[in-house]
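Let's start with one chain on its own, the form predicted on its own, as structure tokens.
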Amino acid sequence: MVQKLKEIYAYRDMIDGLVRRELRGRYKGSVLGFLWTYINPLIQVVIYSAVFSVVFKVRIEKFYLYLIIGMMPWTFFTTSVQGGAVCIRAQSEMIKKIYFPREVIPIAHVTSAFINMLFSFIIVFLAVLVSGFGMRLEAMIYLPLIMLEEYLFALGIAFIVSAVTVYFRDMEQIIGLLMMAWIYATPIMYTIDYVPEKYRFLSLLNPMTSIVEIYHQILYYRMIPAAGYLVRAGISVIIVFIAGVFVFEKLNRNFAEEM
């Protein structure tokens, strides 16, 4: 593991170049360009706010704020996973021609999505300030921690799906369907209290529940995250990241032959 980390670190310039290329190419040729980083999640927030506050009558104070706090990290997560599923195949020519640690590709993809999320959080901070909720310094200290944990969680899953998709192309479609269901299993458009108590343990088995709840506790409820959520999120991140590294290491040896 230590040797692998050293090897990946030695290719840090390559990671930087791939991240820059992906950030530049994401909206290349678009009239609004980088503004889509803000427009896409804002449109989602408007649609979900209308549906869940008007149609489903969700009673959450300043629902738009609650929603936007959950949607930004979710957008990063779904971008990392869905894009991660095809990131190795997208670089097939490079994989066939030169040697480099293959982990570089999913790392670069997830990192570029993470940078996009950091820019998107400008909207979150503005929404929090405009709403009058304000911020609590003691709680905000935990924000970089949960961002790092979500990054590692998304990277672990990206390792798995990117490697599996090389051998099983249907994984790309399966991931798309899974993400559509996963968002409704995560308390983004409702609070955890809306889940019947006898089924709440199932919701808590979803790692994204703890991660999104921590974001809400920090930015919406202005409280120090509950220890239970921090522990569950931490354990999930460690398990998924280690599993991702293991699966990727096992499967990446024959990438070039399978392309």
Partner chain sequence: MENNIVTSDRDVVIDVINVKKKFKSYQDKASTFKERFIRPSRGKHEDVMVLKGISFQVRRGEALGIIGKNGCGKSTTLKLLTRILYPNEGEIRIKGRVSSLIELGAGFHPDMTGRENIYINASIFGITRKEIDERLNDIIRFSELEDFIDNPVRTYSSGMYMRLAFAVAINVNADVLLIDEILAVGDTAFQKKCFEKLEDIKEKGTTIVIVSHSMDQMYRICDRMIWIEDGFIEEEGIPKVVGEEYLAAMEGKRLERKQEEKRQREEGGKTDSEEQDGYLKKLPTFCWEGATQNGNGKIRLTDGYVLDAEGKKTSCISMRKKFEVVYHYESDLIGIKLAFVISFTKDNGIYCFGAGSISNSDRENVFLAERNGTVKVSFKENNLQDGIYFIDIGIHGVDGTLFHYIYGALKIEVKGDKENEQVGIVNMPRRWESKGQIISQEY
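Positions refer to the first chain, counted from 1. Note that this is a predicted model, so its numbers are computed, not measured.
There is another form of this protein, the form predicted together with the partner chain, and it is not shown here; the text below is about that form.
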Check: Should Tyr11 be classed as touching the partner chain in the predicted complex when contacts are defined as heavy atoms within 4.5 Å?
Finding: yes
Checklist line | the partner chain contact in the predicted complex: Arg169, any heavy atom under 4.5 Å | finding: yes
Note to self: Is it the case that Phe100, even though its partner is missing from this view, gets within 4.5 Å of the partner chain in the predicted complex, heavy atoms only?
What the structure shows: yes
Note to self: Is Arg136 near the partner chain? Define near as a heavy atom within 4.5 Å, in the predicted complex.
What the structure shows: no
Check: Quick one: which of 91-99, 150-158, 71-79, 117-125 gets within 4.5 Å of the partner chain in the predicted complex, going by heavy atoms?
Finding: 91-99
Notebook entry, point to check: Looking in the predicted complex, is the partner chain within 4.5 Å of a heavy atom from each of Glu7, Arg21 and Arg253?
Noted result: yes
